[in-house]
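First, one chain by itself in structure tokens, the form predicted on its own.
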């Protein structure tokens, strides 16, 4: 069994926005038969929470992610550009 890829989802306060984004990512990946482990945090927490994740998806600028790839997008909130962002996510986590 393949190890689940880990995605850290960050927004300004880690209350509502990251929840919406995380659920949409999970929904879109499940449609493709891909299961991931999602964790949410505030953008300011990224430096302390990034380790061990394969990818960071954020709605705002983040720093301190080290070598972990970061996708900054609002497509999961607006609905515009979701497919392109899912393709980016898949390219980082090894999905097809």
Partner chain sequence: MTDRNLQFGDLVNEDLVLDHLVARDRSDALQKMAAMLVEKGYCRETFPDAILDRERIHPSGLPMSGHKIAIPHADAEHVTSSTILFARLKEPVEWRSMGSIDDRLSVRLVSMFALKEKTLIGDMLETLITVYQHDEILDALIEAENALAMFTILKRAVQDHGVRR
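Numbering follows the first chain given and starts at 1. Keep in mind it's a predicted model, so treat the numbers as computed, not measured.
Although not depicted, the form predicted in complex with the partner chain is the subject of the following passage.
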Going by a heavy atom distance of 4.5 Å, is residue 24 a contact of the partner chain in the predicted complex? yes
Close approach of residue 59 to the partner chain in the predicted complex, 4.5 Å, heavy atom: yes
Closest heavy atom of residue 86 to the partner chain in the predicted complex, within 4.5 Å or not? no
Candidate site 3, 39 and 41: all three near the partner chain in the predicted complex by heavy atom within 4.5 Å: no
For the heavy atom contacts within 4.5 Å of the partner chain in the predicted complex, list the residues of 6-25 involved, in sequence order. 12, 13, 15, 16, 17, 19, 20, 23, 24
